[in-house]
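First comes one chain, alone, set out as structure tokens in the form predicted alone.
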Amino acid sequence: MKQCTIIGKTNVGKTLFLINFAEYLGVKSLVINYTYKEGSEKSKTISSKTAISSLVDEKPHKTLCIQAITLNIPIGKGKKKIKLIDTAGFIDGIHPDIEVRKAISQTLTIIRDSDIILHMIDAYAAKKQDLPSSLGEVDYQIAQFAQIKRGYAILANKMDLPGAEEGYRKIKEEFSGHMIIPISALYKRGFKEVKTFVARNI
């Protein structure tokens, strides 16, 4: 089964995308498989609404382990299974908390084993100033590290917010040559295009 991993800085909307993309594909209740830093695993079945209230938070590093859902992606008249993986967010610099550092290390490991990388960038934040300052060094490092994968795309998230179009324009200029898909993880906008991209790469 192919692995599709969502990566990006903290609070860009990775977990919300995981939940809402699964719902967009017709999943009624989510079977989330958690893989912890020490290697232990557990599985939990919850509704999308419960998942959002318990897993999505404005507090940075709410996600501190691998969270994966198995999804069926429509391809032609059939379907193919993928494992969609949510990860701990990156930051610029070194985090003082060792647990966060371990979670980020786990994210880096999973990237190497992934077939498809969905690199999420906050288009609303990108509008505020020059792009290198608003994004930070980490997004450039992620792009260089992950673009070696054939199935690499940038998801410009938060397109529902005012001014995000300007941020999206800057992202397109800065990362020209890459597949860039404007989305709203909150309102499920751009999900059809993401589904098409994933289907093409599995």
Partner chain sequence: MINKVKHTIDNPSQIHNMLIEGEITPGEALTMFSQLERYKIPFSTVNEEESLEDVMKELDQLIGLSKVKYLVKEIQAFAQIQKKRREAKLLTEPQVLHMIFKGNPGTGKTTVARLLGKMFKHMGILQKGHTVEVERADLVGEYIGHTAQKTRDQIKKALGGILFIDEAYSLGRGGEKDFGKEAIDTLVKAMEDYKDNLIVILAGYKDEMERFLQINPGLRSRFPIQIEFNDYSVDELMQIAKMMVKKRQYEFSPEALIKLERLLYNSQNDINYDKLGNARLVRNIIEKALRRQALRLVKQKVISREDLLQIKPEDISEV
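A quick note: this is a predicted structure, and the numbers were derived from the prediction, not measured. Positions refer to the first chain, counted from 1.
The following text describes the form predicted in complex with the partner chain, which does not appear among the structures shown.
A.B. asks: Of Ile69, Met159, Val138, Ala153, which residue is found within 4.5 angstroms of the partner chain in the model of the complex when only non-hydrogen atoms are counted?
C.D. replies: Partner contact (heavy atom, 4.5 Å) among the options: Val138.
A.B. asks: Does Ile171 reach the partner chain in the model of the complex if we count a contact as any heavy atom within 4.5 Å?
C.D. replies: Ile171 lies outside the contact set for the partner chain.
A.B. asks: Indicate whether Lys83 is a 4.5 Å heavy atom neighbour of the partner chain in the model of the complex.
C.D. replies: Looking in the model of the complex, residue contacts with the partner chain do not include Lys83, since no heavy atom lies within 4.5 Å.
A.B. asks: Indicate whether Tyr34 is a 4.5 Å heavy atom neighbour of the partner chain in the model of the complex.
C.D. replies: Tyr34 lies outside the contact set for the partner chain.
A.B. asks: Do Leu108 and the partner chain come within 4.5 Å of each other in the model of the complex, heavy atoms counted?
C.D. replies: Leu108 belongs to the contact set for the partner chain.
A.B. asks: Can you say which of 39 to 47, 173 to 181, 160 to 168, 143 to 151 gets within 4.5 Å of the partner chain in the model of the complex, counting heavy atoms only?
C.D. replies: Of the options given, it is 143 to 151.
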